[in-house]
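This document opens with one chain alone, in structure tokens, the form predicted on its own.
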Amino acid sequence: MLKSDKMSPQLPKQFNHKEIEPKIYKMWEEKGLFMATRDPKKIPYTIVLPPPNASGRMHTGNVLMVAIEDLLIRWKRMKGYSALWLPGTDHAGFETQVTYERELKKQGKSRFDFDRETLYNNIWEFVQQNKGIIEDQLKKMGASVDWSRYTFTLDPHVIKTVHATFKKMHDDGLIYRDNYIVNFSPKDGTTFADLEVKTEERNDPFYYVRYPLLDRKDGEVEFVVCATVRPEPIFIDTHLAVNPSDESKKWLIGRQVSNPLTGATMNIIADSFVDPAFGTGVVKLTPAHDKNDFDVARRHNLPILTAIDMRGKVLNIPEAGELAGLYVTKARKKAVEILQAKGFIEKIDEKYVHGVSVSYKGGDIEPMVLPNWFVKVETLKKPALDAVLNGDITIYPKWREVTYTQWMEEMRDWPISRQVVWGIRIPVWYSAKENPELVVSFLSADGKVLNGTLGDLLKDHNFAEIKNGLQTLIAPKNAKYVISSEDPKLSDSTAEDFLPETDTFDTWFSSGQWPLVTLHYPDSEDFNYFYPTSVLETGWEIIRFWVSRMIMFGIYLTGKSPFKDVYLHGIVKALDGKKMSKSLGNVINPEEYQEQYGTDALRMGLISGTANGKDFAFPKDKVIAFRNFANKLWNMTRFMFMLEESSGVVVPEYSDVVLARGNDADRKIVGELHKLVGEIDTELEKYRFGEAGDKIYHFMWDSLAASYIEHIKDRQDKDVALSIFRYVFKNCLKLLHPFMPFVTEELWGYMKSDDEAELVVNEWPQV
């Protein structure tokens, strides 16, 4: 029997989310209610949190992700699974280093003021100061993650696993070095990540260059004209290209022209990257110094010839002629003079405005082909594709599957080198004795940045100075190397001196092993019990970058897919449906909505607002509606307490006997509840979160509050009516808890008996 008069005075008149949310989360944490156990009697259910940027803040997409994953883990926990939600944050490579360098700029400094190790340590301290922001946001969102199993992508055990994977792949013949195009600044002597490069609008001459057409037929033009702002590397142009759909240029496909600077024969090919409306509709290909041209060359197996060295000078090769040894700007003027003297300049547009790539430091970017580490994907991607095609992995919603399958079919070898300090360094070392041609940049003992080949630099500087001040190292494609996490000289006591590879792994290489490293693969008890994980929930836009890599690594390293299901949520857009952008001023700060309307309302509003993985506008009206719903729940509880107190009855525990004493309205509401439980389970099993949330909402508002409560007000058998209401309402709190955890846990605390567990670990309603 329950007497409620002792409870009624305890429930405040109004629901105050600002007071309740931190109190409830603290209680959950202190009681260790999120910690998963390896119980052989239970079925494991595991989710890995897609790691947010450790130095950033969560945006609306992250918040939706947390709301959905917390919903799933709370639901399975209550259903009796050993439910583990693994938290963590990502070092985020490029993005974090760029963020830190903005801070340096405010201090009048740059990364070139530091050697590599010092810069890394400085960024580490910066991240440690900021990553608590994400952890605090996760807690405020009510995330029931197991904090005792928290992982950062630069934790020692993560680095160890990533290094071991690289070594295994290398031994298996899946790693190789090849040339790849990067953003290189001759001025700064280093490469820049795409995020570090900006476009600057400039007015430059646009040269219309004539390429003599060979084997001309009667009536054909004498020259094929191509427009360019860069005539200086024409001497290593390999081909001309036209768009195959350009009817006016189709006749040129397969024909040949003469290189106007060298006289070499060049073929004309077709590729859809050519814009028929740009210039003359004919493009010259200089694959080593243009990213589009480089991609075309890879597609068509064209030669990739370098014209410019890392100092920004034309190479001293026979083809360069009079341009050899000149800096790019001078070489451009000289090339124009030569072309004009030969009659190969048709015209010059002096008013041409275009975008020029420059580094964030302001130095011009020279696209440059440099050695890069690659992963051979052919044998890795097939089993990863088959896993989805044969049903080992199911993608929700189904219509998103085509994005994955197309990508896996098209995927080419993966360049994994990144020229930044912040990240997991590729575990490779180069012998100074065997590799004098290494191109090195280092901070000298007197604070100057020096560049050159190692052999030349060692004439004036000792090895220790170069190694201690090392900033970047570029090894030729055929350089000799040793794979080791530690300096081979120190680990093997060799007499040779070694310099470390300064490239770091693409962040997708390390985060691609996220399900493994969070469970301490390969031999931990957690890994043996919780792997494979149950579902990977993330935004659809990273299915190619991240999801595909996790599946590839999981199958390659363990023989098993890393998860059974993949749920892809849509992108949350601005209130007007446009993409959020600082420049448009339409960025939504989720914390403001939490502060004003409460976390439960924000979570439920986002979940209810999403439609089966589609992009959607931020549903402010729904957030407000669910704030009102939270207040409704509060008032329903107060009404029940007041009715129990005013009636003075002793409310019996619900049972079939109590229901048998009731009327048709009682049996109807209980029947609807039991039906609802089955429907919610079905909807959640199919990842239809919005539908599930709407069904709970309408049942509690329409059937329970608007109808049944009105019915029991005038009942004479208040003990029966209140017993049934309590039963239905408490089970509704259970159903609603994964969606709105704070208000439901708070109300549960007032309603539960002394021997009942907290709602977060209580049993899911049984039908």
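Start at 1 and count along the sequence shown; that's the residue number. Just so you know, these numbers come straight off a predicted model, no measurement behind them. We call the rigid core the largest set of C-alpha positions that still match within 1.5 Å between the two forms.
Note that the form predicted in complex with the RNA isn't included here; everything after this is about it.
Heavy atoms of every residue among Asn292, Gln406 and Asp621 are located within 4.5 Å of the RNA in the model of the complex. In terms of contact with the RNA in the model of the complex, the residue from Val587, Ile483, Val197, Met642 that brings a heavy atom within 4.5 Å is Met642. This chain lacks the partner; the member of Lys334, Lys313, Arg149, Arg638 within 4.5 angstroms of the RNA in the model of the complex by a non-hydrogen atom is Arg638. Only one listed stretch (737-745, 66-74, 43-51, 700-708) carries heavy atoms within 4.5 Å of the RNA in the model of the complex, and that stretch is 700-708.
Although the partner is absent here, Lys579 is a contact residue: one of its heavy atoms lies within 4.5 angstroms of the RNA in the model of the complex. When contacts are judged by a 4.5 Å heavy atom cut-off, Ala495 does not count as touching the RNA in the model of the complex. Contact check for Val402: a non-hydrogen atom falls within 4.5 Å of the RNA in the model of the complex. Within 4.5 Å of any heavy atom of the RNA in the model of the complex lies no heavy atom of Ser491. Along 614-637, these residues reach a heavy atom to within 4.5 Å of the RNA in the model of the complex: Lys614, Phe616, Ala617, Asp621, Lys622, Ala625, Arg627, Asn628, Asn631, Lys632, Asn635, Met636. Annotation: Cα of Ile123 displaced by less than 2 Å between the shown form and the other one, core superposition. In this overlay on the rigid core, Asp204 has a C-alpha that sits 2 Å or more away from its partner position between the shown form and the other one.
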